[in-house]
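Quick heads-up: it's one chain on its own, the form predicted on its own, in structure tokens.
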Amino acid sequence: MKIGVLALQGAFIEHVKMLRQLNVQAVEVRLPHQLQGLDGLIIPGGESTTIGKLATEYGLIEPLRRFSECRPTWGTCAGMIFLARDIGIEEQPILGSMDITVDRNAFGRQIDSFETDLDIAGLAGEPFHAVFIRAPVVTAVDGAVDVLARLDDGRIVAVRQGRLLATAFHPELTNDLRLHAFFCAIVEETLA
């Protein structure tokens, strides 16, 4: 299994390290040709506006969109924003691959970052300790989207739509490999 991590900006190195702990071949992706031969892709957290601008500059928007239409793709935090169909503004480049509406920076500024334990559908064991940093939240989903986790107040923070996965938090900033293993299982399903 070979999984790419979009390495334009943000927490991509942490994702690569976690994939390697699972004995998965991890590749940093910065240019369109580096998507060739990948079985899946992670779009990391970071700054969604910057990721969109860099992806545009490097000619990655359409290749990433085509990739996410046929291969497993997981967006974390800014990656969730990048995958969404609607983020409330039109000037920011996004892929529009997932049938979700996302509110960017739903929790406020950096100082409003927090951590909490989440029950995530499909993950066995104890609740997942989630790290939220200037995080988005899903405000609407289409019928094809499964909600995997909500905060205590009901706000949606993890979703799946077929081979697409999105989390509003940063699993790569924990020592818990379960979500990365969950994504690898999605990749394996598509390879079978």
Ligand code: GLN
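Note that residue numbering follows the sequence shown and begins at 1. Just so we're clear, the structure is a prediction, and the values are computed from it rather than from any experiment.
Omitted here: the form predicted together with the ligand. The next part is about that form.
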{"query": "Contact label in the predicted complex: Gly46 to the ligand, heavy atom within 4.5 Å", "finding": "yes"}
{"query": "Heavy atom of His170 within 4.5 Å of the ligand in the predicted complex", "finding": "yes"}
{"query": "The ligand contact at Arg71 in the predicted complex, heavy atom, 4.5 Å", "finding": "no"}
{"query": "Heavy atom of Ile133 within 4.5 Å of the ligand in the predicted complex", "finding": "yes"}
{"query": "Segment assignment from 122 to 130, 141 to 149, 38 to 46, 60 to 68: heavy atom within 4.5 Å of the ligand in the predicted complex", "finding": "38 to 46"}
{"query": "Heavy atom within 4.5 Å of the ligand in the predicted complex - qualifying residues of 63 to 79", "finding": "Cys77, Ala78"}
